[in-house]
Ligand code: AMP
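Have a look below at one chain only, the form predicted alone, in structure tokens format.
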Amino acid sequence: MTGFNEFAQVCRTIENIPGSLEMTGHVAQLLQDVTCDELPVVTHFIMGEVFPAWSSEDLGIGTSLLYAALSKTAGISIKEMELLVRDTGDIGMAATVALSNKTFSSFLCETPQLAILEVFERFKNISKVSGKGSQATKIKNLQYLFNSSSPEQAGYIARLAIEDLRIGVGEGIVRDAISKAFEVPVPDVERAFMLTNDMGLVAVTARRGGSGEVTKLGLELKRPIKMMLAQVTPTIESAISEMETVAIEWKFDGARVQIHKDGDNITLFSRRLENVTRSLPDIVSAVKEHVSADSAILDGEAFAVDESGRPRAFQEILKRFRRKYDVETTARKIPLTLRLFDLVYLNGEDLIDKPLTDRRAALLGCVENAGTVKVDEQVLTGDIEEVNRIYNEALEAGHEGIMIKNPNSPYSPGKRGKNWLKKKPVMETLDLVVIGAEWGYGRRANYMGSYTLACHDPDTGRFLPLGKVGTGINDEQLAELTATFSNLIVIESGMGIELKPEVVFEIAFEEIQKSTNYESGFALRFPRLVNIRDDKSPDEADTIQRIEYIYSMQRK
């Protein structure tokens, strides 16, 4: 059984390494050293997560609860704990400092031998508790972990508790580490992760069966995969010139939904891979009635329309996805329409490698266009005038624009490439993660008035800042955002606030500029908040590579 101390030592080493290649070597060695039972846990831990992205298990630990557990363990006040976090600039370092001053007997003996699996089991216990008294139970479990670990180990446990390990290890490094540790080609590891959305499962499979078993991993009902993504095309003409014949569909102003059908058992997942089945009973009923497949994984968009047939605001749709109580009443007030546009699994067969034309034919063959469920209309053409006509029709109907797809393209989970393009009549927008804020002034003194934005570096898992936004936010939104972000505060220092990276903003801007002021090396000119994308997870934010691409296209 591997001690958590060994995991903490690897984390400490990696924190002081600037290069990803050396990081990969240390992660690979760690994966080789642990047992098969520990391997999936360690694989997720090293990426700063406790459970796979698709899992419905959630720790539900905010910074206030973590501060309470640490203050009780260290024998100091919560205020003193908050000051330590502010002084050190990191919850992990603050935990280490607070517990280094602890004089109980557990710290007078040799380094505690808390096991990796013991940490994981305590986290699982925390994820299961709910209702009255749950906060106290979570604090007790955290206290047990902190009391059973050295101060340094406690620092990494504190970071894991809020799933923010801060050592710069992302999916790319772990992918390469699995390849190196178990001699499986990188493309095989990447594809297996794409199909399972579970790097821990891929690591165990690679260890037990090598490349032969890894290549057998496939889609599985009720285990959601990342959805294929689109990138913005500058013009319709450029998109058609690259593909010649294109598949044109409306881009609906709604929320993405992935549907898993297993007989009459329907499971719905949001874009963030959250199980939203209970919140959308009308969609469940419609799929049961109008999708004839025995088993299927379908991709579509759910949107709501008003009395005149115009699409309702995006935030209205999210009310349906978030609803946990009085669901039926909300469903009657905001009925949803479902448009299906892709099919990745049908009656036991993976379809992701088949061209879009084949997948669409299979989709049309198992969906009855009736009521609120329909297959999205699609036109195959190379005529720019025809594409513009469809584009204008979509806009006149109140939707966002059009999707321009390569008819021969496979379905690439989690990938944003040139096979799917979107055209919208707005300023270029980016989906960026909020990593910080500042308190406002004057009448906005009690609100967080501006927000620090960051793009995603998929190789390291880090979020790189590239500007701040305070424009496009009214007082009502400021109040709502302040309430939301109050539970995500990591550190406060004067007027500045560091936030846990959980919320994604859709940001319009005029231009991307080179800048030495931000770690990304870029800055946004005239950023403005367009939408709060509750349907997107932080790792779906636009990447540093996309920022570089847009910058290079501007210069051309």
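Throughout, we count residues from 1 along the sequence that is shown. Keep in mind the model is a prediction, meaning the values are calculated, not measured. In this text, rigid core is short for the largest set of C-alphas that superpose within 1.5 Å between two forms.
We do not show the form predicted in complex with this ligand, though everything after this point is about it.
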Quiz item: When this ligand is placed as it is in the predicted complex, which of 478-486, 412-420, 192-200, 216-224 ends up with heavy atoms within 4.5 Å of it?
Solution: 412-420
Quiz item: Trp250, Glu301 and Met403: each with a heavy atom within 4.5 Å of this ligand in the predicted complex?
Solution: yes
Quiz item: Since exactly one of Phe120, Phe341, Tyr345, Tyr447 fits, which has a heavy atom within 4.5 Å of this ligand in the predicted complex?
Solution: Phe341
Self-check item: Contact residue in the predicted complex, chosen from Glu438, Asp376, Asp457, Glu316 - any heavy atom within 4.5 Å of this ligand
Solution: Asp376
Quiz item: Though only this chain appears here, would Arg271 touch this ligand in the predicted complex if you measure heavy atom gaps against 4.5 Å?
Solution: yes
Quiz item: Going by a heavy atom distance of 4.5 Å, is Arg389 a contact of this ligand in the predicted complex?
Solution: no
Quiz item: Can you check whether Arg256 is within 4.5 Å of this ligand in the predicted complex, heavy atom basis?
Solution: yes
Quiz item: Within a 4.5 Å heavy atom cut-off, is Arg312 in contact with this ligand in the predicted complex?
Solution: no
Quiz item: Core aligned, does the CA of Ala541 move at least 2 Å between the shown form and the other one?
Solution: yes
Quiz item: Does Glu506 count as moved between the shown form and the other one, where moved means a C-alpha shift of 2 angstroms or more after fitting the rigid core?
Solution: yes
Quiz prompt | C-alpha of Ser55 off by 2 Å or more between the shown form and the other one on rigid core | solution = no
